[in-house]
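Single chain ahead, by itself, as structure tokens, in the form predicted on its own.
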Amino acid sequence: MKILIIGSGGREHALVWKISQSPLVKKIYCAPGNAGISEIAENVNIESTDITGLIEFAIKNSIDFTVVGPELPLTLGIVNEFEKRGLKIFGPSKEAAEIEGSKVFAKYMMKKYKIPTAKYESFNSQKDAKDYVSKIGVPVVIKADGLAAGKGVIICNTIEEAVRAIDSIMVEKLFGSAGNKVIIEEYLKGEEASFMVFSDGEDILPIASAQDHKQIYDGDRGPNTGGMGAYSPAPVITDSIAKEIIDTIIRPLISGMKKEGKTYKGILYAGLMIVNDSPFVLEFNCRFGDPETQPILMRMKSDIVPVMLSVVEGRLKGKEIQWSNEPSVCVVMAAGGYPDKYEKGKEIKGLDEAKKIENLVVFHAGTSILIPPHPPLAKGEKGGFKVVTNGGRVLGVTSLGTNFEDAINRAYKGVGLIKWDGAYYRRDIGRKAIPISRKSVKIST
């Protein structure tokens, strides 16, 4: 098979890495890809939102199967357009992707189909939103309705913070048109976790659990990011809680989407808060999580391609996935200043050294290849190139370990070998997974 993967982040590198292991696959293209992806796939200079260009490429190159990584092309209807032309593609339709494209719609679905979530109200007027906060008090969570690259959520502990958040989202357009509407919901206190499933519109196949670290600073402090690291499995999701998630959240949502005429095929991601052993939905996403995909796919022993094909072809029932018992940890290395302003073009060193660590993979996210100008080469001389930063989240250093301490130490050993000017990373990724009795164990960084 010839496969086209759409996207350029760490999630897409992990998908390319996993899909390349399938004996069914002969050639992989990635549009637009990144420096790391170029080592195992052919990068194509087409943006993930250029649906017409991607269709033309798929037809011209006889692509057998396309996998969509990021949410934006899904919400723009890339699946609908590919399918109109008889092209096989993995991901939900534009109508189904609204579950991520609009938090107001997601809340409507949860309310209608009795899916546990925080109490909320939605507003398209900043005055009404501010009046509501004054009425209910704080803490509250204020969310932009539309897509905001995982950053459109602000936790407010004072009325002043809430007013500033509403102004930032609705007036100053911090997240662009995503902030035309806001949701204000109660603050849930518990443990966050991520739970994903494959769905063919009827049946589901659960994926290993994971936990993301959304905030920029150690100890879960500071503004939200796209994710500063993740680990799998998430010990907070026990077998009984997993069953409750499937019975009270996943199945009702999949069934409800079908009733609404928005049959859901692809990956359904539920961002959860576990409160007193009960799961509540914080958000739904219509694609693989990033960076959760990186540690999850490190643990997946089964071939992912037949599973994806089963989703598209409506024959998921009876499929199984085998998982490694070893935990996995992903530490995100980001550009200094992220999630706000940051510089690009910084040379990354130490990648080759990190690759030598057993059971460790460096997944690229915001990277590109810089070929510096040079004079004509002498016979037999090779031209050089540099891998440079090209985004906020730059790398996801991901490892398997015999236990969480081992996986954490292995990941941070890799992190310690990689350098660039201004590199930043959290130093506490995965610590939550270590049993309380062993929290005193020193994690080397």
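Quick note: we count residues from 1 along the sequence shown, nothing fancier. Being a predicted model, the structure only gives us computed values, none of them experimental.
Not on display, but discussed next: the form predicted together with a small molecule.
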Inset, instruction - Go through 361 to 369, 344 to 352, 185 to 193, 157 to 165 and give me the stretch that gets within 4.5 Å of the small molecule in the predicted bound form, heavy atoms only. - result: 185 to 193
Legend entry - Listed residue (Leu205, Leu76, Val305, Val141) with a non-hydrogen atom within 4.5 angstroms of the small molecule in the predicted bound form: Val141
Inset, instruction - Could you work out which of Asn80, Ser310, Gln126, Asn224 is the residue within 4.5 angstroms of the small molecule in the predicted bound form, going by heavy atoms? - result: Asn224
Legend entry - Proximity of Lys265 to the small molecule in the predicted bound form, heavy atoms at 4.5 Å: no
Legend entry - Contact test in the predicted bound form: Lys214 vs the small molecule, heavy atoms, 4.5 Å: yes
Inset, instruction - Decide whether Glu283 counts as a contact residue for the small molecule in the predicted bound form under a heavy atom distance cut-off of 4.5 Å. - result: yes
Inset, instruction - Examine Val153 and determine whether its closest non-hydrogen atom to the small molecule in the predicted bound form is within 4.5 angstroms. - result: yes
